[in-house]
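The chain below stands alone and is given in structure tokens; this is the form predicted alone.
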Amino acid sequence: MGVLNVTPDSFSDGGRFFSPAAAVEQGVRMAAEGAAFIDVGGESTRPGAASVDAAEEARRVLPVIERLRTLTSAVICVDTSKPEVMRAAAAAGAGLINDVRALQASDALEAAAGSGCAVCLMHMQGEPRTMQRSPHYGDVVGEIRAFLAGRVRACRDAGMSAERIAVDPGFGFGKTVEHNLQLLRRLPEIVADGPPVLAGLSRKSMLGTLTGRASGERLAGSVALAVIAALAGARIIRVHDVAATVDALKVVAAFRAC
């Protein structure tokens, strides 16, 4: 899954693809490099990020979704928590709703269920503005598994088939480096619960802590985390650097098949 931030303030590439033309060009490039999904987001969810209203978020993402739907064979995703944006994006051609709040906003579950889109439900402790101030858990993996299971049940109760649902443990969203490493080590436990697991580790701040590298210098660390996540059973790997990660995952696939 290629990350396409149509924002001025995302943590790694904010502003680079803010114009629709630049965003479409990047989306086409990622699809050519092997991305099966293009995840289009119009609101930054980095720590401390300010919120964006639904009209502005839709203005940013809809033209990009519409163009990429016609120019690529990738599944176009919308990265949003707002039901208005979910409905508009589905009408524009999005096939997956990727929600960091796991469809907990008012009317979001109903909007997603009625859209016909697949969904990815992510765990986040707190809100983007404050989530990294003091994240704490008794059992980080157990608590996240319970949360995701509850959200999957809510989707099933709303009429979604199991085939429409994926989950994301939310690396870096209200988690310390230690929490993230525990999640990665025990990712097979989350995989065993059933729904396909998405892992989003690309360029995350944990790599800054572990390697001392700035956000634009974390390719090697990001690819290493992608390989670990894939070997642990993650089915979707969400990344900024598609070509390098696709190469690494081809090696993982060959290794697992031998």
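Residue numbers run from 1 along the displayed sequence. Just so it is clear, the structure is predicted and the values come from calculations on it, not from any experiment.
Form predicted in complex with a small molecule: not shown, discussed below.
The closest heavy atom approach of residue 89 to the small molecule in the predicted complex falls outside 4.5 Å. Taking the partner from the other structure, the small molecule in the predicted complex has no heavy atom within 4.5 Å of any heavy atom of residue 77. The shortest heavy atom separation between residue 42 and the small molecule in the predicted complex exceeds 4.5 Å. Proximity of residue 204 to the small molecule in the predicted complex: non-hydrogen atoms within 4.5 Å are present. Of the candidate stretches 182-190, 167-175, 146-154, 69-77, only 167-175 has residues with heavy atoms within 4.5 Å of the small molecule in the predicted complex. Contact with the small molecule in the predicted complex, judged by any heavy atom within 4.5 Å, is made by just one of 85, 117, 140, 122: 122. Of the residues given (65, 198, 226, 30), 198 alone sits with a heavy atom within 4.5 Å of the small molecule in the predicted complex.
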